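Next comes just one chain, in structure tokens: the form predicted on its own.
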Amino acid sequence: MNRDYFHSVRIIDERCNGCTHCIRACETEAIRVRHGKAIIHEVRCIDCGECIRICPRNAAVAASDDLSELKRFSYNVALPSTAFTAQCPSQHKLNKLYNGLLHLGFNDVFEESRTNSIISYAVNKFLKENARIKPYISSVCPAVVRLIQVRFPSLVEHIIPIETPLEISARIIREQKSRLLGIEPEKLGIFYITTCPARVTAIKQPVGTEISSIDGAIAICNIINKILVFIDQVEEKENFCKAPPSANRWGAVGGEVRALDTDKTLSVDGISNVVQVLNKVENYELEMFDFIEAYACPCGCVGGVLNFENPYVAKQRIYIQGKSNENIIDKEMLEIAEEMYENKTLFLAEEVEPRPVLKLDTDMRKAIQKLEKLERILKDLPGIDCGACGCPTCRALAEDIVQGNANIEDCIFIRK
């Protein structure tokens, strides 16, 4: 693995038969099939998880942390994703699942959805104070942020420079718990119960900050599968459902924009749909909007490949929860939001930088020469994008040939 990049998404060679499903699904053309096996171009990969979703042989998987990691810390807090609330049919069952986390080794539970109101406050205030860019794009989905870095580098300044709910949650947990318990902050373990591989990568190698405040990430499906084994024996010793149900709307697409003061917003989900919208932003076609909420997964975070429940069932649960609790406000989180905004601690510590991986060469003269060669090769290729060569398109094959990563004979039509 390239030492400059961490990736949660991995390919298990023993399961892969080179079927090419994954190369067609990847919107950043990060996958090739070589010698009958899929390989990931690490600089291009954004860990969206589409290859995991599409692979018929379960050869694409997501690496996440194991519960054994909890042993490294004196006190451990579980930080369930907002989408966790939609993994069970009732609020009572949800609290039972939260208490089940204590049986797995956690000492406490803090809902990510509690800090959604903090981010809503910050985004509302930021949009009122900054109108120079339209539209701003949400920074909540890490796969979308990396998609912009890789495929739409001209749009990095459109990413709203506000931290994600999970990072703000971790900072609040570490400050409050270390103070109340009297333990050193580094001895406090915070583990995110995650919906998707992009979140794992965002924790291991964050964008916009040097080091994440979270110590690890564990897949929702792994957690719930373990708890269901003994769920009937779980005692509800404490009520961990502290977030207003309306805050859980962020778990599904459309939840983030419903908390904003402007109706000039757009919500989009599904990586291919996001690409289409970003193309329009790049072409200055969507300047009538103030803010775009974009999720790589269908239905939003509830559609992540590491979830337990069907995404459409989960989305409807979140919608029902939010609809019946429109006016509930978490006053404690609102006070924290005001303080953090004034102290500038809600903002990304670093600018989001483009990841210009699609350049043919850093030397402009060589890049032009390679582009001319690429166009000549492309004229010889059939242009049907069949994928038989192991590349998603004929143009991708031509690019690989120019870069010395493939041969013209890899095309079965040329070979014949």
Partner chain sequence: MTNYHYSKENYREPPIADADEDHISLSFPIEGGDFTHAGYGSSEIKRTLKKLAADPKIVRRIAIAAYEAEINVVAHAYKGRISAVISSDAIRVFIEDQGPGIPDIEQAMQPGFSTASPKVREMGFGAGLGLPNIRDNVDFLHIESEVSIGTILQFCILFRNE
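Positions refer to the first chain, counted from 1. Nothing here was measured: the structure is a model prediction, and the numbers come from that model.
Keep in mind that the form predicted together with the partner chain is not shown, yet the notes after this line are about it.
- Partner contacts here mean any heavy atom within 4.5 Å of the partner chain in the model of the complex, and among 66-74, 48-56, 34-42, 359-367 they occur only in 359-367.
- Contact with the partner chain in the model of the complex, defined as a heavy atom within 4.5 Å, holds for exactly one of 154, 310, 130, 262, namely 154.
- 279 is the sole member of 316, 273, 279, 225 with a non-hydrogen atom within 4.5 Å of the partner chain in the model of the complex.
- The closest heavy atom approach of residue 158 to the partner chain in the model of the complex falls within 4.5 Å.
- In the model of the complex, residue 380 stays away from the partner chain, with no heavy atom inside 4.5 Å.
- The partner chain is not shown here, and in the model of the complex it never comes within 4.5 Å of any heavy atom of residue 10.
- Within this chain, residue 371 lines the site of the partner chain in the model of the complex, having a heavy atom no more than 4.5 Å away.
- Within 4.5 angstroms of the partner chain in the model of the complex, the stretch 379-398 places a non-hydrogen atom from 395 alone.
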